[in-house]
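Let's start with one chain on its own, the form predicted on its own, as structure tokens.
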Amino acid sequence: MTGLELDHVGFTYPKAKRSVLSDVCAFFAPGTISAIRGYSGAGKSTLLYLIAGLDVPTRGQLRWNDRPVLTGDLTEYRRRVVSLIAQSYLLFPNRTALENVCYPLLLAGKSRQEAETEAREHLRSVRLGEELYRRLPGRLSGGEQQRVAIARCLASHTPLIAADEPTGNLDEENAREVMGILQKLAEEEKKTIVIVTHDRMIADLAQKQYILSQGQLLTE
């Protein structure tokens, strides 16, 4: 079965008295956007970090295309399967917008010229003006930095995208534009996209909606 499956996933922080996540089951299919909402502290980011391979469940299992995501394979999983779009963007502050997007391409073995050519294509696809390509992240607006983060995600060529409050720092107009970009990725490139958001308007633009409450993931 193609896609990401969460099979009775649970998570407890070391020395914690109760589980953050308990018996979470879900399936995220290619070509879809799934939105996860919940109150602050419900464990939304914890769940997304498990999906992004930044941590491992203490119970249960993640499967990508029917293959278990194992602890020893997390580096390969993060490199080839999943990209994270963080709320804080996580751009390299001393590299330009173009250089940030070039990074995963260079890591994959492309030449500097090949990486820059492709990086420009990705930046154009997220509608970032060419006059901004040589700017450092600190000289970009929040919406512009988010576009760079998405372009870098595209440059990673991963089939799965995990997005943590991707519109949390944006006004409504920019939030809708960013969601439009993600919707296009899902529809045209069949990406599997999982978004954590507190914003009901953003969640309503997803094909599937979940609520995380008391460690349980419930379908709305």
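From 1 onward, residues are counted along the sequence shown. These numbers come from a predicted model, not from an experiment. So that the term is clear: the rigid core is the largest set of C-alpha atoms that superpose within 1.5 Å between two forms.
Beyond the structure shown, there is the form predicted together with a small molecule, which is absent from this document and is the topic of what follows.
Remark: Val20 counts among the residues lining the small molecule in the predicted bound form, judged by a heavy atom distance of 4.5 Å or less. Mapping the unseen interface onto this chain, Gly41 counts among the residues with a heavy atom inside 4.5 Å of the small molecule in the predicted bound form. Contact check for His198: a heavy atom falls within 4.5 Å of the small molecule in the predicted bound form. Among heavy atoms of Gln87, some come within 4.5 Å of the small molecule in the predicted bound form.
None of 33 to 41, 179 to 187, 155 to 163, 60 to 68 except one has non-hydrogen atoms within 4.5 angstroms of the small molecule in the predicted bound form; the exception is 33 to 41. Once both forms are fitted on their rigid core, the CA atom of Thr75 lies less than 2 Å apart between this form and the one not shown.
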